[in-house]
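The chain that follows stands alone, in the form predicted on its own, written as structure tokens.
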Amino acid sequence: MNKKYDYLIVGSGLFGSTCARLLTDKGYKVLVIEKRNHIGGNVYTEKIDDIDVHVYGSHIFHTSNEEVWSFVNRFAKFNNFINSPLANYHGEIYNLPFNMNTFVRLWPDVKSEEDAKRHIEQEKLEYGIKENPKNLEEQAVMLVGTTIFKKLIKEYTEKQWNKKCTELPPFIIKRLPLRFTFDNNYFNDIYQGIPIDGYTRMISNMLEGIDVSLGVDFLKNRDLYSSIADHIIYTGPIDEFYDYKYGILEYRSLVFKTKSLDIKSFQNNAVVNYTSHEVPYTRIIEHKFFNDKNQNTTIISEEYPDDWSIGKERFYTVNDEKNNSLYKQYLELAKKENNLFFGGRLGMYNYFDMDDTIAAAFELVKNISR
């Protein structure tokens, strides 16, 4: 391989593809290599029976960042999808995020915002909540009271993390959406939607005119690929890059069981969370509802939390004190590198929303292209 590039980008997910586009637009010669046999990382969508299936779980784009929204609209036309998930607790159906529709369903005497707040405050007092919550359970009760915590948070969260809520840090749930209006829109951002032609097409458009090689494991071919570019942007796991020198960063993984069903609809909604322990999966995604399709068949994916180990897909970073401290040790190694930059969810060991991923790529390119 004799072709010389200015930048080698390892990974074709949102972060890597955004960097590739921005650098190419600046006149640099870029090569993107991807370990998987497809582009797009975890936002990859596969068209099955004319339905865009979110292979690695649901991805709903939302942002209030004008620059990010303008950027993605260069490569895709977005629909007007509004994320309005439901929660199923032993067959009882509740609206998410927690809002007045949820409160009146839980507490029949609630008619107003004041009524809902009164219930929550009373439950906090009965629980004996303290000002500085020490774990996720205390944080959740402080935000929404015990009724919502027990029905819609506790068992769901314990399935997700395979730990009791009293063993989880409070920051996990601090961003929990809560509103006292009859509004089922999960996000508060100005812009929201899903690419009409799927995320894979969007990434493909982003990478147009850029050299891309699939099925290439950079770490197994490090010497070969490191020699063909002046700079490297690495979006894989930072601890794996350094052969786990200081130890292994923890993640939670997921297993998806996807089924094609010969019916018009299974749940009449894109996302339904199953919040009790009696159901082993955390949610079911019905993919056709992301793009309002009218097919006579449907495709669903059951999402099962899974303990992560090397060889499994990494989904959720475990940003507790232990892992953050370990990541900082790897970050110190990374700072000593010349012309090697780490980015993305795995390279920066942080769980990003999609718009934050793109914004982080903007920031990296701005810094390194100086």
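A residue's number is simply how far along the shown sequence it sits, counting from 1. Nothing here was measured: the structure is a model prediction, and the numbers come from that model.
Another form exists, predicted together with a small molecule; not displayed. Remarks below refer to it.
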Worksheet item: Of these, 204-212, 145-153, 125-133, 104-112, which stretch puts a heavy atom within 4.5 angstroms of the small molecule in the predicted bound form?
Response: 145-153
Item to complete: Name the single residue among 180, 281, 244, 161 that comes within 4.5 Å of the small molecule in the predicted bound form, judging by heavy atoms.
Response: 161
Worksheet item: Which pick from 96, 120, 100, 300 sits with a heavy atom within 4.5 Å of the small molecule in the predicted bound form?
Response: 96
Worksheet entry | Contact test, all of 186, 273 and 316, partner the small molecule in the predicted bound form, heavy atom 4.5 Å | yes
Worksheet item: Does at least one non-hydrogen atom of residue 176 fall within 4.5 angstroms of the small molecule in the predicted bound form?
Response: yes
Worksheet item: How about residue 76: is it within 4.5 Å of the small molecule in the predicted bound form, going by heavy atoms?
Response: no
Worksheet item: Any of the heavy atoms of residue 172 lying within 4.5 Å of the small molecule in the predicted bound form?
Response: yes
Worksheet item: Any of the heavy atoms of residue 157 lying within 4.5 Å of the small molecule in the predicted bound form?
Response: yes
